[in-house]
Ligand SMILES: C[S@@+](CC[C@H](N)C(=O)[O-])C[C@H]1O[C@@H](n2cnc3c(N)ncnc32)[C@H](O)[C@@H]1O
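Single chain ahead, by itself, as structure tokens, in the form predicted on its own.
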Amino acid sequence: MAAALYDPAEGYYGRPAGQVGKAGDFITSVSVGPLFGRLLARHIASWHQQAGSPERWRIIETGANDSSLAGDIISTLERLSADAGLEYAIIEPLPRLAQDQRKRLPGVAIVESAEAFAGDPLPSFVFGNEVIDALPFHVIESDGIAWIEQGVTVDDAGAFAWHPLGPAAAEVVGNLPVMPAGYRTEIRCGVRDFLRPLAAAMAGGRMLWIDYGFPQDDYYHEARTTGTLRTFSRHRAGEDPLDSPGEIDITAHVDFTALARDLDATGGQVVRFEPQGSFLTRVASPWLLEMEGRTDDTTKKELRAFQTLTHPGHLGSRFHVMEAAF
């Protein structure tokens, strides 16, 4: 999965940006328009003020793709006069995307890894929108007594094989209940390795992750027998990750209980876990007051975007927000 998604030459995300949006393979909250970034900027500005408005501070974004979200956040912080001392950084290990991001946002630091900041940690707001779901995961199945793991054979392209769990997977499944034979699901073993360099770049601050997923009891409910693995291409969902690898998105929902454990293990304390609709509605409260009484077309368009982002029938309940203090 790591190669299919992140190989610099042939991986799905190694290609130039274009996977996200109406013309791509799937949409995100960013696809709705700039309002999502504007509201995130308000939340970041509020945290910065509560943190005592440090003279130097940093925003670190992961999974920036075409960097449009970064642009929306930066321009909003400037408009709110909340960007004093800000150093905006994007973590982008894929060369093609990094090149495009540098062209679009020349004032932003585009670095391959958060380790670039290990010698200069700052009060930081670290975040990613739909990043955790795209981290590589293991497909596992219960035989009624123990778990086995699905892998791809090396001698017969396009075939799967089952084998005993490796040490990393065995450690994670220790937190799962025993399930009936044939029950299939997913686990992620590399989230802590992903979080550690980000935490090391911080001199206190917040991490915020927005994604689709469930708490553990819901994720591994006995009725969810086939897991959540999905592929996406041209807005069509599939279930075979060996169908055109490198040309399709591969994803699975986030186990937010496991994410909370991983944040705790890297020095964080979860302070928020709620649906995106609840989070953005609270953040948008001052903005909604500003919109009151306006009837121009721009206001109507932004209010429609807000409804798409927050309504339970749209994106409001599909995505959840987990935020941790460091």
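Numbering starts at 1 and follows the sequence shown. This one's a predicted model, so the numbers in the text were calculated from it and none came from an experiment.
Not on display, but discussed next: the form predicted in complex with this ligand.
In the model of the complex, no heavy atom of Pro197 sits within 4.5 Å of this ligand. Within 4.5 Å of some heavy atom of this ligand in the model of the complex lies at least one heavy atom of Ala134. The shortest heavy atom separation between Gly268 and this ligand in the model of the complex exceeds 4.5 Å. In the model of the complex, Val20 approaches this ligand with a heavy atom inside 4.5 Å. When you look in the model of the complex, the only residue of Ala260, Val283, Ala45, Val30 with a non-hydrogen atom within 4.5 Å of this ligand is Val30. Contact annotation: of the candidates Leu94, Met202, Leu86, Ile74, the single residue with a non-hydrogen atom within 4.5 angstroms of this ligand in the model of the complex is Leu94. Annotated contact segment (heavy atom within 4.5 Å of this ligand in the model of the complex): 125 to 133, selected among 217 to 225, 172 to 180, 125 to 133, 252 to 260.
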